[in-house]
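Shown next as structure tokens: one chain only, the form predicted alone.
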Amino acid sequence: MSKRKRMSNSNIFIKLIKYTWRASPLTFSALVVASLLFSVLRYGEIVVLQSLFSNILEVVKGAPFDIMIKPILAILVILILNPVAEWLEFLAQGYFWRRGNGYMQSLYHDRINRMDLIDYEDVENYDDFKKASIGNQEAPNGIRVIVQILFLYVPFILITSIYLINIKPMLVLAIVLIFIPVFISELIRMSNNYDFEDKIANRRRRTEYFENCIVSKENFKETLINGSFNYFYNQFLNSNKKFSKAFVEVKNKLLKIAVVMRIINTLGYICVLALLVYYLYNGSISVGQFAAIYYSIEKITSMLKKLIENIGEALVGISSTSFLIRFLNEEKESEREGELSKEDDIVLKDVSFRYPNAKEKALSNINLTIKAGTSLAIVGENGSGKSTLTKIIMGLYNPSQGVVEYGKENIAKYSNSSKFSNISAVFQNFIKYKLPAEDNIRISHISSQEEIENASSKINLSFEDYKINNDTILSREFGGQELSGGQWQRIAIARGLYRPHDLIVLDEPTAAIDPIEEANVFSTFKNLSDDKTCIFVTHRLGSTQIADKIVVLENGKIVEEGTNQELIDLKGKYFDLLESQAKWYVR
């Protein structure tokens, strides 16, 4: 993932409008109509009230009362239409947020689905991903506020300003003094909010992590046994203190700016009132106009206050949403869609790999050919690079140097859907889905109608033996049943077999079962994969003799390769590992 640059607010705004319109054109239009209706009604009140005040003065001077009927009827119409507009706006806002939120979430989740596994290994990229999740929550509300600014507040203020200009232009200049300072302070707030979120994302994650160590179900067992509550609690307090310190510094800075701007704002309001009194005193405006203008200025001031608050909310929303927008619009190299055969030889040429921010390479100059339809065992001590190599072979990671070819095709050029079709894998740290037992197997090929029993029977997995059925939720958290580690591993292995594959990878999935049973599982896989390519990683070398080929890794390099007997005869690293493990089984 390339490092993303900050986008301009105008670009973010344009993209948000586009996304929100796509989410629901009808809801978008309804909110626009409701906002315009409110704007017209607010201006209508000013015009009608001026007419009413003027007519009242005329009636006092002796004019017939009939001249009061029209403005009174107009006020009644406005009073009737106000709740209608409020109801329409309320519905439009609700649907607007739900539709917009749903659509932005779908875009966000789709983008996550297209991420590379290595993105989770890079701290900066992972922070950006977390910041994008904040923007995902803010986006619909931010764009709703912007729509109302454009179609409610701006039209009302423009029309009313024109109304005031026709009476006394100086009034509008005074109103500008009310608006500009607060608007500037909101712009500053937005910029500081962006910088704050950009810098604090990692600290926020650390704080959440320490809290999770205290309260999560997964961590509670060890926290309780080890008596480590106080340790994690202190870590949480210290991390939260640093987060709070940064937060307070930003807020103090913004508070000082807000005080200065509010003083200027108040001076502008005093100037408006002074001008009104002056114009009334010298006869430039009538008493009726004074009342109408004062009412209109009160309305404008009230609307400006809401506008500024909404602008602030929108700008803060945009600053958070900018993380999401830049995440969604990140440029990525074009990837090829199409069939990428898994029935041909797999060739690794001069492959090296380094994790983000790591000093040393995890793999160095790997050259390896895996013949189609054969089985390969990858062995080595902990940290030798076994799991990293399997991820490189499958295409979960792209090499830092070198290429991986399936049938002479560089897999790095292909999309994820092309790379992972007809590949199945069972990892040591497999997922225990809190789902029905059947779905825990079917999830590897959810669109298939094949019975799961076909995969389960191949490894002697029986739900009856576990005292569960297909619909049993595998979690007590949701009213179901928990399984043992070995039972869960059989579920995971059945999941791997259920997925259609020409290449299957087993990355130490049998750690929770005994060595004899592990050998049986690997033998089963080999028998089931006579015409398929099978790669398995294990730290128990007793199971590797069934493999057609064995590679031995040490410090990220292949130091030996051959058959089981060839490596024993070599009396090198493989032989030493085998001998050291054999001692554990001597009676």
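Counting begins at 1, following the sequence as shown. Treat the numbers as computed from the prediction; the structure is a model and nothing was measured.
Separately, the form predicted together with a small molecule exists; it is not shown, and the next lines address it.
- Task: May I ask you to state whether Lys386 is within 4.5 Å of the small molecule in the model of the complex, using heavy atom distances?
- Result: Yes, contact at 4.5 Å.
- Flag Ile468 as yes or no: does it have a non-hydrogen atom within 4.5 angstroms of any non-hydrogen atom of the small molecule in the model of the complex? No, Ile468 is distant from the partner.
- So in the model of the complex, does Glu381 come within 4.5 Å of the small molecule, heavy atom to heavy atom? Residue-level check for Glu381: yes, a contact with the small molecule.
- Item | Residue contact check: Tyr355 to the small molecule in the model of the complex, 4.5 Å heavy atom | Yes, Tyr355 sits close enough to the small molecule in the model of the complex that at least one of its heavy atoms falls within 4.5 Å.
- Message: Only one of these stretches, 153-161, 76-84, 355-363, 398-406, has heavy atoms within 4.5 Å of the small molecule in the model of the complex; which one is it?
- Response: Selected stretch: 355-363.
- Query: Only one of Asp350, Glu482, Glu121, Glu211 has a non-hydrogen atom within 4.5 angstroms of the small molecule in the model of the complex; which is it?
  - Reply: Exactly one residue meets the criterion: Glu121.
- Message: Considering non-hydrogen atoms and a 4.5 Å limit, which listed residue (Gln487, Thr207, Asn422, Gln428) is close to the small molecule in the model of the complex?
- Response: Contact with the small molecule in the model of the complex is made by Gln428 alone.
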